[in-house]
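Just the one chain here, the form predicted on its own, laid out as structure tokens.
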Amino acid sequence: MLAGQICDDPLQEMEPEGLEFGVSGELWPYHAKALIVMNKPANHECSQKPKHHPSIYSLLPKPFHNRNMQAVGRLDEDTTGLLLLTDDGALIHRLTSPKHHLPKVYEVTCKHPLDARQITQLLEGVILNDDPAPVRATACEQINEHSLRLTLTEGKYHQVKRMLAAVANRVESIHRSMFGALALPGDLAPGHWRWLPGPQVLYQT
């Protein structure tokens, strides 16, 4: 459907600005490149071929399956919160490149009590077990005895868990609350998603 009328001409020309398609009774806005935010639930894998848990891609409607949507960096299967997905390969490269230093904020619950020494170590830099270069948090705020808010600009494998292990603690849960300037919408339920107007929302202050 286009403007409420059935369109059966695949060659029909139209202006893309503000265009909405009607697909199976649902309105879909036209986007040359798709960019969405999802509130990732626990026990879902950021993989097209999951091994142990359902894929996050199973939470997306069928029209996205034909667009080769990809997660912008992976979250572990037990990590929840803000996840970006897009079909724009250049944007994925830009957002995941360490050169751009886009901060990601994680709300972390730890098994053992936290202390000021651990917070200082995370800010000054810790050595991961397979990387000789120190890894530092951009910001680290203790929330209570067992939780902290950690800001990182890198995206190493299991980085949050490995950083807490390096200060003799253990992660119990991780929730990503921000990516760049974008905060996870408070009314976005786990497993749900919504369109973003464009990558500019990640840089706005």
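Predicted model only: the values in this text are computed from it and were never measured. Don't overthink the numbering: it's just position in the shown sequence, from 1.
The form predicted in complex with a small molecule is left out here; the points below concern that form.
- Using a 4.5 angstroms threshold between heavy atoms, residue 169 stays clear of the small molecule in the model of the complex.
- Heavy atoms of residue 70 never reach within 4.5 Å of the small molecule in the model of the complex, leaving it off the interface.
- Not displayed here, the small molecule is approached by residue 158 to within 4.5 Å at the level of heavy atoms in the model of the complex.
- When contacts are judged by a 4.5 Å heavy atom cut-off, residue 75 counts as touching the small molecule in the model of the complex.
- For the small molecule in the model of the complex, the listed stretch (75 to 83, 116 to 124, 90 to 98, 131 to 139) containing residues with heavy atoms inside 4.5 Å is 75 to 83.
- Distance criterion of 4.5 Å from any heavy atom to the small molecule in the model of the complex singles out 174 from the list 38, 174, 178, 59.
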